[in-house]
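Starting off, we have a lone chain in the form predicted on its own, written out as structure tokens.
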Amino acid sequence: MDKKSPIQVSVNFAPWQIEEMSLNDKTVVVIDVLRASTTIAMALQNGAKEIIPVSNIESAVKISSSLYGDVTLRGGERNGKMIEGFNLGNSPAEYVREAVDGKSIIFLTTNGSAAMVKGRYAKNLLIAGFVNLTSVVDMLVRLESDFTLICAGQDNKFCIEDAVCAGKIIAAFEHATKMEVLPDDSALAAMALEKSVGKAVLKMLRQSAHGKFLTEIGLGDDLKTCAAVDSIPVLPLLSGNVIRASKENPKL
């Protein structure tokens, strides 16, 4: 039997610098712990039909005008707060079954949705947070392919919570796979950071700049939800322009 090639793992801390076509035919994981990844996972767990990420308000309005109003919601935030005219903000607590079951949700956030739109040409695009970490790792193990982790960050700046989540995913993948893993320098940095502060996720979130900001604007309770590892065991996958919960085998 031929020996399989090592798995190349890379981390990108600056999604705004990524050329969309550079992700073509690749496996990509987008991480926005606070809070887009967590909110999307919560929405899908509670029966949302699909999430349509957009990068600006104009796109949200255009897409919503082409869909049926009674089954479509607009969700998201700017600077942490719900956008005027939207149905929902970006707090996972808002995405209860009564609100989202069976609905298509057009989703716009300051950082996360833009990173997801960047990855729309990827062969496989997974949405990851602490809440669905094992579901993401299980899929990556099944794919047996190189992958790139994109940390959404905050306002074009590095975010510790996304980097720690990336490090935790890589460490779990190394433990779960039988293949050799070759992390790049950014991946090594994420793994080192995870070893340093990743054992106390909620404490780390509370000490992070974004976590402090959310607490200041009255959304501190979201940190507990976002910190709960493997609490929402769903795998959001983007296909084309739409994110749905995974029900099928990955594209091998």
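All residue numbers refer to positions in the sequence shown, first residue = 1. Quick caveat, the model's predicted, so the values are computed rather than measured.
The next section is about a form of this same protein that is not shown, the form predicted in complex with D-malate.
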property: Touches D-malate in the model of the complex: G129 (any heavy atom, 4.5 Å); result: no
property: Distance check, A41 to D-malate in the model of the complex, heavy atom within 4.5 Å; result: no
property: is_contact(A36, D-malate) in the model of the complex, heavy atom dist at most 4.5 Å; result: yes
property: D-malate contact at L214 in the model of the complex, heavy atom, 4.5 Å; result: yes
property: Of S104, N111, S135, N124, the one that lies within 4.5 Å of D-malate in the model of the complex (heavy atoms); result: N111
property: Option from 192-200, 57-65, 44-52, 26-34 whose residues, in the model of the complex, bring a heavy atom within 4.5 Å of D-malate; result: 26-34
property: Those residues of 81-100 which, in the model of the complex, come within 4.5 Å of D-malate by heavy atom; result: N90
